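In the block that follows, a single chain appears as structure tokens, in the form predicted alone.
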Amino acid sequence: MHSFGYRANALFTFAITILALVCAMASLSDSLNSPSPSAHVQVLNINWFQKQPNGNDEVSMTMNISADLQSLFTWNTKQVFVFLAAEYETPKNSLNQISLWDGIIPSKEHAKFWIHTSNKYRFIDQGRNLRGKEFNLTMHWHVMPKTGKMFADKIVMPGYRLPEEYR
């Protein structure tokens, strides 16, 4: 006859195996979801575009940010981290990426939004590279699941240009 400890160990091992199997199935079920998020950013105004005393360019802008990220949410989604970045090239770097705004979306009900805002973080380039510069605004998101691996993607919105002269 088996002892109580042996039986408890067998039951615990079986329960952990079943839990791991359910978590793996949950994670795999998320891969069947094909999200179709949408985002649009309208730059309303360049509040200021100036050269700092140390020679760096700085930009402040007012934007309307609208997005529908509801399709990113499944039963396994805990929250979504989203941020808007300005991306451009300079002679020194092939990709410069500056975060302008970010947020955490806790539920599907909050995943469709429209925000009127100025850039939350400073848009500064090390040097005098921003005058007349074309740039993309890119909406990035990271889906944080309850179980399984994180998923990240983005929408690139091209066609923005900064002024030729400081304001």
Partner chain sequence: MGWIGETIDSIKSIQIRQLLTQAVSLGMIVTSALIIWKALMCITGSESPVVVVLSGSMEPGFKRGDILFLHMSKDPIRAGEIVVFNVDGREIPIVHRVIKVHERQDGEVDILTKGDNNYGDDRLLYAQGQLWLQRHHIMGRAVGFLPYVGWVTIIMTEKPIIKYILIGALGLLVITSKD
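Small disclaimer: the values here were computed from a predicted structure and weren't measured. Numbering follows the first chain given and starts at 1.
The protein also exists as the form predicted together with the partner chain; that form is not presented, and the subsequent description refers to it.
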property	result
43, 46 and 70 all contacting the partner chain in the model of the complex, non-hydrogen atom within 4.5 Å	no
The unique member of 22, 150, 156, 10 whose heavy atoms fall within 4.5 Å of the partner chain in the model of the complex	150
Touches the partner chain in the model of the complex: residue 122 (any heavy atom, 4.5 Å)	yes
The partner chain contact at residue 126 in the model of the complex, heavy atom, 4.5 Å	yes
4.5 Å heavy atom contact, residue 90 to the partner chain in the model of the complex	yes
Residue 99, heavy atom within 4.5 angstroms of the partner chain in the model of the complex	yes
Which of 114 to 122, 131 to 139, 30 to 38, 59 to 67 lines the interface with the partner chain in the model of the complex (heavy atom within 4.5 Å)	114 to 122
